[in-house]
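Only one chain is included here, represented as structure tokens and corresponding to the form predicted alone.
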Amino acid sequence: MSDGERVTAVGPGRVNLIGEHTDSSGGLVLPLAIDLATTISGTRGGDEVVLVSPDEAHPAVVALDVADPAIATPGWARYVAGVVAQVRPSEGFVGEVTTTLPIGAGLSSSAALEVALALALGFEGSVTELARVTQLAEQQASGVPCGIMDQLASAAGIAGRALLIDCHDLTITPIAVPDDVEIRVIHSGQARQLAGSAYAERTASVAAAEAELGPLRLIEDPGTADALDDEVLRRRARHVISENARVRAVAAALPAGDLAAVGEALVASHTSLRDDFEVSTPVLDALVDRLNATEGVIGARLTGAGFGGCVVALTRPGTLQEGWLVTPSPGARLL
């Protein structure tokens, strides 16, 4: 692409149907790219990346030789700087960022920005390579030891399909989503602050449990966690082991149309996130309870890291009018 030629890249958000806090230990997740997305349009050239956004008061201005993305200002420029530091483009970029994604809701607005920007800057590689690069960018920018799910789901999305991702070997199996269900994402009204949360502590607890039990992704019986002496580690491990099993169950039940089994797994996932992993809040619990008590709702659970943010609900068509109706959509791409 010649210098000065117009470039437009799209990075979709993602919602995770099930498989929460399993990716950092190489477990299973079942996300989908959604039709809410971030778009970056501009021209390549110069020696800086300069982006403006109608949602931000100040532009992101990042030098191509940026050394420490975590200190970039304003705050959103950290994610821009993280991508620049990983991609190391040979030329700059001047453009605009627009998005239909709610910011900070747990729908991976940062991953959507990162994958779109990497493509706009000229990244060439597989969807897995794109996900790895932008995962590192997110970690540099936020200081949070996040797994690869958000970036990989955004990069690899397929229309009409959820993605069964093995976060150990990064294999992706498309899972059909039945036409007679709707996916609703409802914001709890409680802002989610991942970097300031106990996310890093949870990740460390899982690592500590694995140091005693071995890789949790290889354990099928949640009762194995009972061998841990520390009660907190026991509960954290039990969640991860049982959540991996629930992902397998939903991946089998969803294309078969066994929506009762899907609903049971979603409800059990939220209970485990609330009681064993302790990343829910009273506000999230109340919303999940209300939705699960609504006729036509197949199942609802918190989605994303927790500590606020959104709930995902699988429903019969027309059941809910609140929140965002999302559909499984294609992944990141140049237009």
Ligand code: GLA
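Predicted model, so just to flag it, every value in this text is computed and none were measured. Numbers for residues come from their place in the sequence shown, where the first is 1.
There is another form of the same protein, the form predicted together with the named molecule; it is not shown, and what comes next is about it.
- Though the named molecule is absent from this view, in the predicted complex it lies within 4.5 Å of a heavy atom of just one residue from Gly27, Gly299, Gly304, Pro31, which is Gly304.
- Partner proximity in the predicted complex, defined as non-hydrogen atoms within 4.5 angstroms of the named molecule, places exactly one of 171 to 179, 251 to 259, 68 to 76, 149 to 157 at the interface: 149 to 157.
- Contact annotation for Phe93: none of its heavy atoms lies within 4.5 Å of the named molecule in the predicted complex.
- Residue Tyr199 is the only one in 199 to 214 with at least one heavy atom within 4.5 Å of the named molecule in the predicted complex.
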